[in-house]
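Okay, so here's just one chain, in C-alpha coordinates, the form predicted alone.
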Amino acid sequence: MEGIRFRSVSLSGRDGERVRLFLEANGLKLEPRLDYTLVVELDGEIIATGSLAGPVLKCLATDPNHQGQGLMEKLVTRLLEEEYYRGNWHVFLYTRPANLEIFRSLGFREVARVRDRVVFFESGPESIADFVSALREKRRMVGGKVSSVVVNCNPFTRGHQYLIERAAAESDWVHVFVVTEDLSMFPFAVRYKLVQRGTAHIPNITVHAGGQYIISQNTFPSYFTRDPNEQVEDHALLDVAIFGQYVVPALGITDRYVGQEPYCPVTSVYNRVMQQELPRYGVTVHEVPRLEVEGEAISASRVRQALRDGDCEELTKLLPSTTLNFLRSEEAQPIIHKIKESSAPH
(Lines give C-alpha, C1' and ligand atoms only; values in the text may rest on other atoms or scores of the structure.)
Protein backbone atom coordinates (compact mmCIF):
# COMPACT_ATOMS: atom_id res chain seq x y z
CA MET A 1 0.00 0.00 0.00
CA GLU A 2 1.47 3.35 -1.02
CA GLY A 3 1.87 6.14 1.48
CA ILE A 4 1.81 4.08 4.66
CA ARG A 5 4.45 4.71 7.29
CA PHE A 6 5.53 2.60 10.30
CA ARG A 7 6.71 4.70 13.23
CA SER A 8 7.64 4.00 16.85
CA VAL A 9 6.01 6.51 19.19
CA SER A 10 6.20 7.62 22.80
CA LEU A 11 2.96 7.20 24.74
CA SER A 12 3.73 10.08 27.07
CA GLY A 13 2.74 12.85 24.67
CA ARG A 14 0.20 13.61 21.92
CA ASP A 15 0.88 10.28 20.17
CA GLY A 16 -0.13 8.46 23.35
CA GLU A 17 -3.52 10.13 23.28
CA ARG A 18 -3.91 9.32 19.56
CA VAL A 19 -3.11 5.63 20.22
CA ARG A 20 -5.53 5.54 23.16
CA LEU A 21 -8.37 6.99 21.07
CA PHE A 22 -7.60 4.62 18.16
CA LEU A 23 -7.67 1.58 20.45
CA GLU A 24 -10.91 2.68 22.10
CA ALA A 25 -12.51 3.18 18.68
CA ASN A 26 -11.60 -0.46 17.98
CA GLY A 27 -12.90 -1.81 21.26
CA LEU A 28 -9.56 -2.03 23.13
CA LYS A 29 -7.94 -0.25 26.06
CA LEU A 30 -4.47 1.26 26.20
CA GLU A 31 -2.83 -1.00 28.77
CA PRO A 32 -0.25 0.16 31.35
CA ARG A 33 3.43 -0.81 31.38
CA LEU A 34 3.88 -0.80 27.59
CA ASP A 35 7.54 -0.25 26.75
CA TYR A 36 7.45 0.04 22.94
CA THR A 37 4.67 1.08 20.55
CA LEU A 38 4.47 1.09 16.77
CA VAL A 39 1.83 2.89 14.74
CA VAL A 40 1.03 2.49 11.06
CA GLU A 41 -0.10 5.79 9.52
CA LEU A 42 -1.70 6.74 6.21
CA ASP A 43 -1.97 10.43 5.38
CA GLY A 44 -1.14 11.19 9.01
CA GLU A 45 -3.93 9.03 10.45
CA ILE A 46 -3.31 5.89 12.54
CA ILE A 47 -4.63 2.83 10.73
CA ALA A 48 -2.98 0.15 12.87
CA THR A 49 -0.96 -0.13 16.08
CA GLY A 50 0.74 -2.66 18.35
CA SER A 51 2.88 -2.56 21.48
CA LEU A 52 5.30 -4.59 23.57
CA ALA A 53 5.31 -5.17 27.32
CA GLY A 54 8.43 -7.23 27.93
CA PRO A 55 8.03 -10.43 25.88
CA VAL A 56 4.29 -9.88 25.33
CA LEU A 57 2.72 -8.29 22.21
CA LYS A 58 -0.28 -6.20 23.26
CA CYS A 59 -2.81 -3.62 22.12
CA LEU A 60 -2.88 -4.84 18.51
CA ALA A 61 -5.55 -3.28 16.34
CA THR A 62 -6.21 -2.48 12.68
CA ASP A 63 -8.78 -0.01 11.35
CA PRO A 64 -11.66 -2.13 9.94
CA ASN A 65 -11.40 -0.20 6.63
CA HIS A 66 -7.82 -1.48 6.20
CA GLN A 67 -8.18 -5.08 7.38
CA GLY A 68 -7.31 -7.86 4.93
CA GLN A 69 -4.45 -5.82 3.46
CA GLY A 70 -1.64 -7.58 5.33
CA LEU A 71 -1.03 -4.66 7.70
CA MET A 72 -1.28 -6.75 10.89
CA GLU A 73 1.20 -9.30 9.53
CA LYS A 74 3.71 -6.54 8.72
CA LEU A 75 3.14 -4.85 12.08
CA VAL A 76 3.65 -8.07 14.05
CA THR A 77 6.76 -8.94 12.02
CA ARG A 78 8.29 -5.58 12.98
CA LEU A 79 7.33 -6.03 16.64
CA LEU A 80 8.93 -9.50 16.62
CA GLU A 81 12.10 -8.00 15.12
CA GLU A 82 12.19 -5.57 18.06
CA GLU A 83 11.68 -8.46 20.53
CA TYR A 84 14.54 -10.45 18.95
CA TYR A 85 16.75 -7.34 19.03
CA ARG A 86 16.04 -7.20 22.79
CA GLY A 87 16.93 -10.87 23.19
CA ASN A 88 13.34 -12.03 23.76
CA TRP A 89 13.00 -15.19 21.64
CA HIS A 90 10.09 -16.65 23.63
CA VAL A 91 7.26 -14.25 22.82
CA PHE A 92 3.61 -14.20 23.91
CA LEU A 93 0.47 -12.66 22.48
CA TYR A 94 -3.17 -12.17 23.38
CA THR A 95 -5.74 -11.84 20.63
CA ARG A 96 -9.37 -12.37 19.83
CA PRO A 97 -10.40 -15.76 18.38
CA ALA A 98 -11.29 -13.99 15.12
CA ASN A 99 -7.56 -13.34 14.54
CA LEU A 100 -6.45 -16.97 15.01
CA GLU A 101 -5.38 -17.62 11.43
CA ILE A 102 -3.35 -14.42 11.12
CA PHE A 103 -1.14 -15.35 14.06
CA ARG A 104 -0.94 -19.05 13.21
CA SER A 105 0.37 -18.01 9.78
CA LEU A 106 3.08 -16.02 11.58
CA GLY A 107 4.25 -19.11 13.49
CA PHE A 108 2.44 -18.51 16.79
CA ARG A 109 1.17 -21.59 18.70
CA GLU A 110 -2.06 -21.53 20.70
CA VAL A 111 -1.51 -22.17 24.44
CA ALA A 112 -4.98 -21.59 25.87
CA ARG A 113 -8.30 -20.02 25.03
CA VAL A 114 -10.99 -18.37 27.13
CA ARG A 115 -14.19 -19.23 25.33
CA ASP A 116 -14.87 -16.65 22.59
CA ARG A 117 -13.05 -13.86 24.45
CA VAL A 118 -9.29 -14.26 24.19
CA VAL A 119 -6.64 -16.63 22.85
CA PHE A 120 -3.13 -16.84 24.33
CA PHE A 121 -0.33 -17.62 21.87
CA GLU A 122 3.39 -18.17 22.16
CA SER A 123 6.24 -18.20 19.67
CA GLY A 124 9.87 -19.23 19.83
CA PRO A 125 12.03 -22.27 20.56
CA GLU A 126 10.61 -22.77 24.09
CA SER A 127 7.05 -23.94 24.61
CA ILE A 128 4.55 -24.97 27.23
CA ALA A 129 5.36 -28.59 26.27
CA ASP A 130 8.86 -28.07 27.73
CA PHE A 131 7.33 -26.68 30.94
CA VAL A 132 4.97 -29.65 31.24
CA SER A 133 7.78 -32.13 30.57
CA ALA A 134 9.86 -30.61 33.40
CA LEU A 135 6.87 -30.75 35.75
CA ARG A 136 6.22 -34.43 35.01
CA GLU A 137 9.71 -35.25 36.23
CA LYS A 138 8.72 -33.81 39.62
CA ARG A 139 5.51 -35.81 39.94
CA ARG A 140 5.71 -37.64 43.27
CA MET A 141 2.78 -40.01 43.24
CA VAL A 142 -0.07 -41.50 41.23
CA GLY A 143 -3.42 -41.31 43.00
CA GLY A 144 -4.12 -39.97 46.46
CA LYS A 145 -4.86 -36.37 47.36
CA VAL A 146 -2.30 -34.18 45.60
CA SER A 147 -2.74 -30.49 46.34
CA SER A 148 -1.26 -27.27 45.07
CA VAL A 149 -0.66 -23.85 46.59
CA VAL A 150 0.48 -20.82 44.55
CA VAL A 151 2.10 -18.03 46.55
CA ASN A 152 3.98 -14.80 45.92
CA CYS A 153 5.24 -14.27 49.51
CA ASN A 154 6.41 -10.67 49.51
CA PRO A 155 7.66 -11.73 52.08
CA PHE A 156 6.82 -15.20 53.49
CA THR A 157 4.57 -14.74 56.56
CA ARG A 158 3.03 -16.94 59.23
CA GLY A 159 -0.12 -16.73 57.09
CA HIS A 160 1.59 -18.39 54.12
CA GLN A 161 3.12 -20.97 56.45
CA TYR A 162 -0.30 -21.71 57.98
CA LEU A 163 -1.91 -22.19 54.55
CA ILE A 164 0.81 -24.61 53.37
CA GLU A 165 0.80 -26.52 56.67
CA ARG A 166 -2.99 -26.87 56.43
CA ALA A 167 -2.77 -28.18 52.85
CA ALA A 168 0.02 -30.60 53.81
CA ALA A 169 -1.91 -31.91 56.84
CA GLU A 170 -4.93 -32.67 54.66
CA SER A 171 -3.07 -34.06 51.60
CA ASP A 172 -0.74 -36.86 50.59
CA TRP A 173 1.51 -34.41 48.74
CA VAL A 174 1.54 -30.65 48.12
CA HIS A 175 3.18 -28.80 45.22
CA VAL A 176 3.93 -25.20 46.20
CA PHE A 177 4.56 -22.76 43.32
CA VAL A 178 6.34 -19.47 44.05
CA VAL A 179 5.50 -16.67 41.58
CA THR A 180 8.67 -16.09 39.58
CA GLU A 181 7.95 -12.60 38.21
CA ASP A 182 10.41 -10.13 39.71
CA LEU A 183 8.02 -7.24 40.31
CA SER A 184 7.82 -7.44 44.09
CA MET A 185 9.88 -5.68 46.76
CA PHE A 186 11.42 -9.01 47.71
CA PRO A 187 13.16 -10.50 44.62
CA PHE A 188 12.16 -13.96 43.44
CA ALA A 189 15.40 -15.58 44.63
CA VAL A 190 14.76 -14.28 48.17
CA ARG A 191 11.05 -15.18 48.18
CA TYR A 192 11.84 -18.71 46.94
CA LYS A 193 14.52 -19.14 49.61
CA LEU A 194 12.17 -17.90 52.38
CA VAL A 195 9.46 -20.35 51.29
CA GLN A 196 11.96 -23.23 51.31
CA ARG A 197 13.27 -22.27 54.77
CA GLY A 198 9.79 -21.63 56.20
CA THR A 199 8.46 -25.00 55.02
CA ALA A 200 11.55 -27.15 55.63
CA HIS A 201 9.78 -28.88 58.53
CA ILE A 202 6.96 -30.16 56.25
CA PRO A 203 7.89 -33.60 54.83
CA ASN A 204 5.31 -33.93 52.04
CA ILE A 205 5.83 -30.86 49.84
CA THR A 206 7.78 -29.83 46.75
CA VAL A 207 8.56 -26.15 46.20
CA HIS A 208 8.65 -25.07 42.54
CA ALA A 209 9.43 -21.86 40.69
CA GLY A 210 6.17 -20.76 39.05
CA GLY A 211 7.87 -20.00 35.74
CA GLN A 212 6.27 -18.17 32.83
CA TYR A 213 2.90 -19.95 32.92
CA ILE A 214 1.70 -19.59 36.55
CA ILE A 215 0.65 -16.05 37.58
CA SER A 216 3.21 -14.35 35.39
CA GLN A 217 3.08 -11.07 33.50
CA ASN A 218 2.43 -13.22 30.43
CA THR A 219 -0.64 -15.04 31.78
CA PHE A 220 -2.00 -12.67 34.44
CA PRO A 221 -0.65 -9.10 34.01
CA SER A 222 -3.40 -7.45 36.09
CA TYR A 223 -2.24 -9.45 39.16
CA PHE A 224 0.82 -7.20 39.22
CA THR A 225 -0.86 -3.85 38.49
CA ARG A 226 -3.73 -4.59 40.95
CA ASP A 227 -5.94 -2.38 38.79
CA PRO A 228 -9.54 -3.65 39.15
CA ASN A 229 -10.45 -1.78 35.96
CA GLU A 230 -8.21 -4.00 33.84
CA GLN A 231 -9.38 -7.21 32.18
CA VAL A 232 -8.97 -9.06 35.45
CA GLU A 233 -11.54 -11.76 34.83
CA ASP A 234 -10.13 -12.61 31.36
CA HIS A 235 -6.60 -12.80 32.79
CA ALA A 236 -7.78 -14.93 35.73
CA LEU A 237 -9.69 -17.26 33.40
CA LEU A 238 -6.63 -17.63 31.21
CA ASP A 239 -4.29 -18.37 34.13
CA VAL A 240 -6.73 -20.94 35.55
CA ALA A 241 -7.21 -22.55 32.11
CA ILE A 242 -3.44 -23.04 31.74
CA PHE A 243 -3.24 -24.47 35.27
CA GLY A 244 -6.14 -26.84 34.58
CA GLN A 245 -5.02 -27.99 31.12
CA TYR A 246 -1.31 -28.40 31.77
CA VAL A 247 -0.26 -28.33 35.46
CA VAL A 248 -3.10 -30.48 36.83
CA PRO A 249 -2.47 -33.54 34.59
CA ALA A 250 1.33 -33.19 34.75
CA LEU A 251 1.39 -33.48 38.56
CA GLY A 252 -1.88 -35.35 39.17
CA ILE A 253 -3.29 -32.44 41.20
CA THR A 254 -6.69 -33.02 42.80
CA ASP A 255 -7.03 -30.03 45.12
CA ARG A 256 -5.93 -26.41 45.31
CA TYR A 257 -5.66 -24.37 48.51
CA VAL A 258 -6.02 -20.58 48.53
CA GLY A 259 -6.27 -18.01 51.28
CA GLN A 260 -9.46 -15.98 51.63
CA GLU A 261 -8.93 -12.48 50.27
CA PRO A 262 -10.41 -9.73 52.47
CA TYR A 263 -8.56 -6.77 50.90
CA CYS A 264 -7.51 -7.07 47.23
CA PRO A 265 -10.32 -7.04 44.60
CA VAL A 266 -8.05 -8.61 41.94
CA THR A 267 -7.16 -11.62 44.12
CA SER A 268 -10.81 -11.87 45.13
CA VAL A 269 -11.80 -12.22 41.44
CA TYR A 270 -9.04 -14.81 40.98
CA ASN A 271 -10.37 -16.87 43.91
CA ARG A 272 -13.90 -16.70 42.51
CA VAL A 273 -12.73 -17.81 39.05
CA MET A 274 -10.82 -20.74 40.58
CA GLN A 275 -13.92 -21.85 42.49
CA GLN A 276 -15.92 -21.61 39.27
CA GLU A 277 -13.49 -23.16 36.77
CA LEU A 278 -11.15 -25.66 38.45
CA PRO A 279 -13.85 -28.28 39.22
CA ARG A 280 -14.07 -28.67 35.40
CA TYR A 281 -10.57 -30.16 35.61
CA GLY A 282 -11.41 -32.39 38.60
CA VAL A 283 -9.85 -30.02 41.14
CA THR A 284 -11.52 -29.11 44.43
CA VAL A 285 -10.75 -25.59 45.64
CA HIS A 286 -10.37 -24.94 49.38
CA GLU A 287 -10.60 -21.27 50.37
CA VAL A 288 -8.99 -21.14 53.80
CA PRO A 289 -9.74 -18.26 56.22
CA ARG A 290 -6.68 -16.10 56.80
CA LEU A 291 -4.69 -16.59 60.00
CA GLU A 292 -5.34 -13.54 62.21
CA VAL A 293 -3.33 -11.65 64.79
CA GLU A 294 -5.24 -9.35 67.14
CA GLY A 295 -8.39 -9.63 65.03
CA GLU A 296 -6.70 -8.68 61.73
CA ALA A 297 -5.65 -11.03 58.94
CA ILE A 298 -1.94 -11.54 58.46
CA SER A 299 -0.85 -10.22 55.08
CA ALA A 300 2.42 -9.39 53.34
CA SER A 301 1.26 -5.78 52.93
CA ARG A 302 0.81 -5.56 56.72
CA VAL A 303 4.39 -6.84 57.11
CA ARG A 304 5.72 -4.22 54.69
CA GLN A 305 3.91 -1.47 56.59
CA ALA A 306 5.47 -2.72 59.84
CA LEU A 307 8.87 -2.56 58.12
CA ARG A 308 8.16 1.05 57.08
CA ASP A 309 7.17 1.86 60.67
CA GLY A 310 10.13 -0.01 62.15
CA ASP A 311 7.63 -1.91 64.31
CA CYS A 312 9.67 -4.95 65.46
CA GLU A 313 6.95 -6.13 67.86
CA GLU A 314 4.43 -6.31 65.01
CA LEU A 315 6.92 -8.13 62.76
CA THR A 316 7.50 -10.76 65.46
CA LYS A 317 3.76 -11.48 65.51
CA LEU A 318 3.42 -11.73 61.72
CA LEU A 319 6.53 -13.59 60.61
CA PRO A 320 8.07 -17.03 61.17
CA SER A 321 11.55 -17.12 62.64
CA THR A 322 13.07 -17.95 59.26
CA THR A 323 11.84 -14.69 57.71
CA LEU A 324 12.73 -12.69 60.84
CA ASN A 325 16.28 -14.06 60.70
CA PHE A 326 16.55 -13.02 57.05
CA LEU A 327 15.34 -9.50 57.84
CA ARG A 328 18.15 -9.16 60.39
CA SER A 329 20.76 -10.06 57.73
CA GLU A 330 22.89 -7.69 55.67
CA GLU A 331 21.26 -9.11 52.53
CA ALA A 332 17.86 -7.79 53.64
CA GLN A 333 18.92 -4.20 54.32
CA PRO A 334 18.67 -2.89 50.70
CA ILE A 335 15.18 -4.45 50.44
CA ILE A 336 14.04 -2.85 53.72
CA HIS A 337 15.44 0.50 52.56
CA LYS A 338 13.54 0.17 49.25
CA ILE A 339 10.29 -0.63 51.10
CA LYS A 340 10.70 2.42 53.36
CA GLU A 341 11.22 4.64 50.31
CA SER A 342 8.15 3.33 48.47
CA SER A 343 4.39 3.19 48.93
CA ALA A 344 3.93 0.78 45.99
CA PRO A 345 1.48 -2.11 46.61
CA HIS A 346 4.16 -4.71 45.73
Partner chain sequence: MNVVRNAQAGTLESSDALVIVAPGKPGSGLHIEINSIVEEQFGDQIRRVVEETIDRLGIRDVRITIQDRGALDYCLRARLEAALNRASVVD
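Numbering follows the first chain given and starts at 1. Source: prediction; values computed, not measured.
There is another form of the same protein, the form predicted in complex with the partner chain; it is not shown, and what comes next is about it.
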query: Contact test, all of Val76, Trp89 and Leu106, partner the partner chain in the model of the complex, heavy atom 4.5 Å; finding: yes
query: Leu80: touches the partner chain in the model of the complex, heavy atom cutoff 4.5 angstroms; finding: yes
query: Partner proximity in the model of the complex: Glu170 to the partner chain, non-hydrogen atom cutoff 4.5 Å; finding: no
query: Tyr263: touches the partner chain in the model of the complex, heavy atom cutoff 4.5 angstroms; finding: no
query: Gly143: touches the partner chain in the model of the complex, heavy atom cutoff 4.5 angstroms; finding: no
query: Contacting member of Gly124, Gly210, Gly244, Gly252, with respect to the partner chain in the model of the complex [4.5 Å, heavy atom]; finding: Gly124
query: Which of 190 to 198, 145 to 153, 67 to 75, 265 to 273 lines the interface with the partner chain in the model of the complex (heavy atom within 4.5 Å); finding: 67 to 75
